[in-house]
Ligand SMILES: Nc1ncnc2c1ncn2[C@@H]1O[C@H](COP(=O)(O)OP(=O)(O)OP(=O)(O)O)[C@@H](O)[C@H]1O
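First comes one chain, alone, set out as structure tokens in the form predicted on its own.
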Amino acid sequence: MRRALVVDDERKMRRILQIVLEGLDIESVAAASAEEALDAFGKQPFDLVLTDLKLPGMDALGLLPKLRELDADVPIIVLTAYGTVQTAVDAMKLGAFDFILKPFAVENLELLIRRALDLRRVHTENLVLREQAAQVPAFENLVGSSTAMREVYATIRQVAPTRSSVLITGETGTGKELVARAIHKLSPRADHVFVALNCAAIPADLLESELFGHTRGAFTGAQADRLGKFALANGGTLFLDEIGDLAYPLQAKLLRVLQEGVVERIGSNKPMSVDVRVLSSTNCDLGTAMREGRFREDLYYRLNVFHIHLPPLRERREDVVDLARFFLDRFARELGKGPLELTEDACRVLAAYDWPGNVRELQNLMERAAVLAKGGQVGREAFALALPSSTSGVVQAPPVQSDSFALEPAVEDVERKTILRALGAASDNKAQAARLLGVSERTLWYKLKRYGL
């Protein structure tokens, strides 16, 4: 639920403003002075501030810059009497969203509040989108009608309306984030933000700040206050991808947030209340990690209230062709090409392959096929150079005599598979994959282009 801070030294006016907010289904906290307001703001995040211009001690003109230091985007509405309009304009120059004259019509104030909250929502969504611009979801909709996927859909529908934590497991590239987004969209939190964080893609010494935020000067390089992912996701959903890679010391802090619903920014001892649903995923065996002392058992049970397992693509081959057609159609439209059809021979080849990179590998292959397609049909020859030899023996690399000892094709096959494994372990983060492979990013980009990955 959205939350507002009401600041006015008159008790009756505070109550009137709180009643207006209640009518808009907005929680509120009241403060009689700027000092009380700052104390309340430091303890929990707010979506809106309503403040009288004239306050005992520090007035709104002094309060505004301090609130801006704590949250640069929170909309602040200033209430003022007729005789202080110029001062209210000065307040807007300091960052106030707008002002309203006393006495005011309730409907005018409600309209202003709605506009301010819309602005807050847009600011938050834009911040999340900017941070996730390089992490666009692999695909927009779940695709597949196999028995295994129908069971996944049924579980999503069952858990989505609840507040419970969900642990999503499966190999890299199976679409775990897509399942998390589906749960969010079907939940009561759908109108709030979905924030995703890959725990394996951020160095351990920076991950705490990403999760919980920090204050200015908390450590070297902390030049301004920063909201963590929990604060950004307040009211919505936080997806922690690759939770199995979370450093052990951070696991205790995450457990506390899940249990108490409060976070503390680095450099601050003031707890902030948050209302966040946590979804998590992993491609590793957390049972083994617990036995080896690398993952907390109490955190595991807190995260694993519900469990959804995504099967690898090789275990639901009946979905391969549907997925391939879905991606091929999407990329054809993005490239401005006409409809592209897979030949029956191409469908047999795709269905027989084992897909070690799962859905992500199939998506990359279909993008390559769409780019290279000439005409309206895509045949098996489009995949001859892109797919290494399948365990089923159906998909073959370029023809080589069975008694051939040619080294280059064999080396290329191994190199391609190793790159795919590294990309999977790095969740498609090219910089991290290059580090895992022990090569430069430039070299990795060259290899990706060479093998059509």
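As the structure is a prediction and not an experimental result, all values here were calculated from the model. All residue numbers refer to positions in the sequence shown, first residue = 1.
Keep in mind that the form predicted in complex with this ligand is not shown, yet the notes after this line are about it.
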query	finding
Heavy atom within 4.5 Å of this ligand in the model of the complex - the one residue of 290, 142, 305, 222 that qualifies	142
Contact assignment for this ligand in the model of the complex, among 245, 275, 367, 177, heavy atom within 4.5 Å	177
Per-stretch contact check against this ligand in the model of the complex, the hit in 258-266, 208-216, 359-367, 98-106 (non-hydrogen atom, 4.5 angstroms)	359-367
All of 27, 187 and 301 within 4.5 Å of this ligand in the model of the complex, heavy atom check	no
Contact label in the model of the complex: residue 441 to this ligand, heavy atom within 4.5 Å	yes
Contact of residue 237 with this ligand in the model of the complex (heavy atom, 4.5 Å)	no
Any non-hydrogen atom of residue 75 within 4.5 angstroms of this ligand in the model of the complex	no
Residue 283: touches this ligand in the model of the complex, heavy atom cutoff 4.5 angstroms	yes
Heavy atom contacts to this ligand in the model of the complex at 4.5 Å, residues of 316-355 in sequence order	323, 326, 327
CA-CA separation of residue 371 and residue 442, closer or farther in the model of the complex than in the form shown [shift of 3 angstroms or more]	farther
Relative Cα spacing, residue 434 and residue 245, in the model of the complex - shift of 3 Å or more	closer
